[in-house]
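The chain that follows stands alone, in the form predicted alone, written as structure tokens.
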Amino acid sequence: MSATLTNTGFTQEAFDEFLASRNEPVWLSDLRAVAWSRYNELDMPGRRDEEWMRTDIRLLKLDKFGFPTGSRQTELPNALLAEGVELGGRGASFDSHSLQGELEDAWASKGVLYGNLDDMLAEHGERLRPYFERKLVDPLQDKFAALNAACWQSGTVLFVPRGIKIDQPLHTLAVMSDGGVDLHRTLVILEEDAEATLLAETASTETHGGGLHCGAIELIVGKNARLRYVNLQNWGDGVWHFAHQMAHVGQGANLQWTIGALGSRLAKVNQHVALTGIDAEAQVNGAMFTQGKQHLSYNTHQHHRAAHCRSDLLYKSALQDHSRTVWRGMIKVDKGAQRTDAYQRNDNLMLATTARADSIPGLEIEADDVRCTHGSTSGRVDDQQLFYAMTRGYTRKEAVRMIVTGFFQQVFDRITIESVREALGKAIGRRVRDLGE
């Protein structure tokens, strides 16, 4: 863990002090310096940029945030995804400072690495270096990607050696105080024939807490490996949330990636899955629930680089009040990726006439022997369904909650861990209000 910093803004002086406090290998400091230079060169994204034209961040004052200066740890919130789950390991961070993690001895003795990124780099830097230098998330993509690449602090590493199958889920929790900063970075590596499940979630100490999250997730699924990754974003409703997420799925490998998006004031997430080996498969699931004036924008990219691969994406969102979601999906098939089978779908349930959902599916196909389809629907709660449920004794609020749960059921049914299905369902159910409220 780095020493306490005296300069807190994202300034050159603060960056120099931050870098000096890290005691990291030269190769990593060089990567940070290149990204920092790019961060200073890039302008903030604006409405003229196609990717940002539906997401307005003019109210974000980035100069009000800076490097976390020290842990102000309080009691951590309950970890929703870990309730009732027998875990093989756990980790946590608070305001970008890693807390003590743990891994069952049975897995550690088999060469599994799991813990906070700082410690793992100190002990296994040369082993992890090639994966950092691959730069799955392009640090030069935009200002937020560059900021994380230069200034990440705390994070999670999971490395599963060849042939090792972890039959217990691992869990990590990132917590932010009101007004805090989280610069989390996640790196997951499964070697050939490995298998693991990682449950990752975020939370704020206060329901209405603010702050800044600028994160990155990199998933590397090796040949014939299987990864189940669940990511629940549950920040306070004043948090600015920016994230770049990238997965590489190798030959014969399988990735199931489930996203729950409930919190934040504004979220802008780029989720990219690349199928890089023959016969790779990826299933991507998303459940978003918005309220108040929340704005959640998710860009998903299914990139078929190899032949005989399959991808299946399903995003569902339910919207209350004056909230808004933006989903922009793309299936890209390279020229050599023949026999591709790809599907994407986005469904939206409007719980208020003042809510808005934008769905923008897209296809970019260079191969000529493929099956690629997409779909999108938006609609309101059926008054007849409400009436029917209320004639059976349900209150109006109970009826709405039941309809919303049914709407998300298709996503829940894809999740293989029962406790995770229940946790997501309960978290969404608690936010549902009577349509008349």
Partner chain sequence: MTDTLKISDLHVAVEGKPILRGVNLTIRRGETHALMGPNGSGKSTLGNAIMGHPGYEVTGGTIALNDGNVLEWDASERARAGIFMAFQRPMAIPGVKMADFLRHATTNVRNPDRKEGEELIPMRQFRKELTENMEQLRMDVEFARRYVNDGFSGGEMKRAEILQMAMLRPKFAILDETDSGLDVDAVKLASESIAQIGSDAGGGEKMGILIITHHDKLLDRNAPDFTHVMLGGRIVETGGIELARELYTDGYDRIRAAYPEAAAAEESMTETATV
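Positions refer to the first chain, counted from 1. A quick note: this is a predicted structure, and the numbers were derived from the prediction, not measured.
There is another form of this protein, the form predicted together with its partner chain, and it is not shown here; the text below is about that form.
J.: Which of 41, 51, 382, 30 has a heavy atom within 4.5 Å of its partner chain in the model of the complex?
T.: Checking each option against its partner chain in the model of the complex, the one that comes within 4.5 Å is 382.
J.: Let me know the one among 37, 377, 395, 373 whose heavy atoms come within 4.5 Å of its partner chain in the model of the complex, would you?
T.: Only one option qualifies, and that one is 395.
J.: Given that its partner chain is not shown alongside this chain, does residue 390 nevertheless sit within 4.5 Å of it in the model of the complex, heavy atom to heavy atom?
T.: Yes, residue 390 lies within 4.5 Å of its partner chain in the model of the complex.
J.: Is there a heavy atom of residue 406 lying 4.5 Å or less from a heavy atom of its partner chain in the model of the complex?
T.: It does: once its partner chain is placed as it appears in the model of the complex, residue 406 has a heavy atom within 4.5 Å of it.
J.: So, residue 418 and its partner chain: in the model of the complex, are they within 4.5 Å at any heavy atom pair?
T.: No, residue 418 sits far enough from its partner chain in the model of the complex that none of its heavy atoms falls within 4.5 Å.
J.: Do residue 402 and its partner chain share at least one heavy atom pair within 4.5 Å in the model of the complex?
T.: Yes, contact at 4.5 Å.
J.: Can you pick the stretch from 408-416, 22-30, 59-67, 364-372 whose heavy atoms fall within 4.5 Å of its partner chain in the model of the complex?
T.: Residues of 408-416 come within 4.5 Å of the partner.
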